[in-house]
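Below, in structure tokens: the form predicted on its own, a single chain.
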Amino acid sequence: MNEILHNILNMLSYDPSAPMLFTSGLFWALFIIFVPVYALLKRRRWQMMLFVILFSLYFYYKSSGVFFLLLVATSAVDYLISKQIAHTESKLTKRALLIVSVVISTGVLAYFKYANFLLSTWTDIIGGNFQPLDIILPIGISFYTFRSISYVVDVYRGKISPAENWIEYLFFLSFFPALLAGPIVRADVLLPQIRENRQADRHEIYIGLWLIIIGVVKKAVFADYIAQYNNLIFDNPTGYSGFESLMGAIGYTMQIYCDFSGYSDMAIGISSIMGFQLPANFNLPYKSKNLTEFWHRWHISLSTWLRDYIYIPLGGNRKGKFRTYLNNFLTMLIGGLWHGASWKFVFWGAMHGGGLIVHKMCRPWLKEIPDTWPVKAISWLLTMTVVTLLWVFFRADSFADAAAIVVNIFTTFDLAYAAPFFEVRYVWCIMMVLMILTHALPTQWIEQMGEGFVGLPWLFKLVIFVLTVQLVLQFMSADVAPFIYNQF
């Protein structure tokens, strides 16, 4: 008996080599226990909030260890400052408090995420010998930091009232479905739902289940299987032909979509089952015909956050063309840095910013071109070429590795490798084709699939669920692969 208890305690304790994820069996075992208790407490708002907070903090503890205390501290500081901002009449004092809050939030993020990068860059400039600091990056810190900043800024702007109490704000900031990798849900979306404390209806529960199924298939089946080949290419940038490298680049393009949108689907689905509606985070981004459209469809909660809290405060499009272009570039540069402390992320953000500028500059001429199918096809192909090549820099271990893969694609490409590749990697190719066809479907068809699932008899829902589990077991790798965006 003692050995059993010891094993259970070990399983429930923090293990840095095995963080708890939406795709881990432990999470779903705990979530099955969580749901009925949550349902019993739902109508008692205070008890419900405390229960969800405790579950969220434990979820974060299982992902980042003692750093759950940093999340609690962040929530306390933000709550106190926001209350002072709301109760202060002086505009100067309000602004000073806002600056203090933003400096604290960005300062903590900068220390954990950028200290080594900045010190390394400075050492390179002065020609010193840099020894990296022993800093562990808390999972999801970028996501909850952006949520906390948007909350304080919105209180300052008078867009929202501050949280009624610290417990309510801690619920918002630690809400476990969106804690580790978004969506970056804002206070004006979630706080009213917390106060309303509405019970999920039958439709929301089954839509939530459908989204969880879709998310699990995207992540555990498609993303993780496709990644097995992609990893070969990125682990050995010069060891494969140009054709094979191109397949790896295209593969990662689809892998990161399935991985990240799969997480978002699960987060939104879990929230829906709990009676909370989170905003959509993806809208078939790979059917975009220009980079502007791509950023309206990809990681929507981040792109709108950057628009509202970086681009518009910089002046947006209100100060002439040059400032508009500069603001676009700086916003995407910050977006690139948000993803990681590395020059390859700086380059990735800068190139997307440059692409947005080029598209805006060409808009007067583009409007003169007939919107025919050949034009749409060329626009799509150009957009996806840029997006795919830039994903190489996002994924590669270093800027040099990314450059080597891109050079390899353009200098050693040979279609003679196509036939043997398709013969050996036929399952990989089938998955890629399926995801491409999914993007070709009209959005309303995909929505109708979800509604169709809701309308099915429970027995058919059970069959779909069992088939999903079987599919995951068939394709799952030996270890549960972390979500790509957990590192941000």
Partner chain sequence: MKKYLGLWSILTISFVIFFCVSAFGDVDVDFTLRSSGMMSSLMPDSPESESLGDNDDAGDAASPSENEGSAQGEAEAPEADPGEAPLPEEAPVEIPSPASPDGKVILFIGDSMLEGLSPRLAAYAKENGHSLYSVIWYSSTSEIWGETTKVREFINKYRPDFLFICLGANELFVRDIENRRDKYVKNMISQIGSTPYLWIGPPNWKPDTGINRLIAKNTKEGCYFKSDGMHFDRAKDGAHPTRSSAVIWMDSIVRWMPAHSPYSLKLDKPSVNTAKANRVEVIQPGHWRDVVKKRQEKAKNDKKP
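Residue numbers count along the first chain shown, from 1. This one's a predicted model, so the numbers in the text were calculated from it and none came from an experiment.
Although not depicted, the form predicted together with the partner chain is the subject of the following passage.
For the marked spot (Asp78, Ala280 and Val375), a heavy atom within 4.5 Å of the partner chain in the predicted bound form is absent from each of the three residues.
Stretch 230 to 238 is the contacting one of 173 to 181, 230 to 238, 156 to 164, 398 to 406, since its residues have non-hydrogen atoms within 4.5 Å of the partner chain in the predicted bound form. Residue Val424 is the only one of Leu50, Met449, Val424, Ile430 with a heavy atom lying within 4.5 Å of the partner chain in the predicted bound form. Contact between Ala18 and the partner chain in the predicted bound form is not found at the 4.5 Å heavy atom cutoff. Though the partner is left out of this view, Leu109 does not reach within 4.5 Å of the partner chain in the predicted bound form, counting heavy atoms only. The closest heavy atom approach of Asp201 to the partner chain in the predicted bound form falls within 4.5 Å. The closest heavy atom approach of Trp28 to the partner chain in the predicted bound form falls within 4.5 Å. Within 4.5 angstroms of the partner chain in the predicted bound form, the stretch 454 to 470 places a non-hydrogen atom from each of Trp458, Lys461, Leu462, Phe465, Val466, Val469, Gln470, taken in sequence order.
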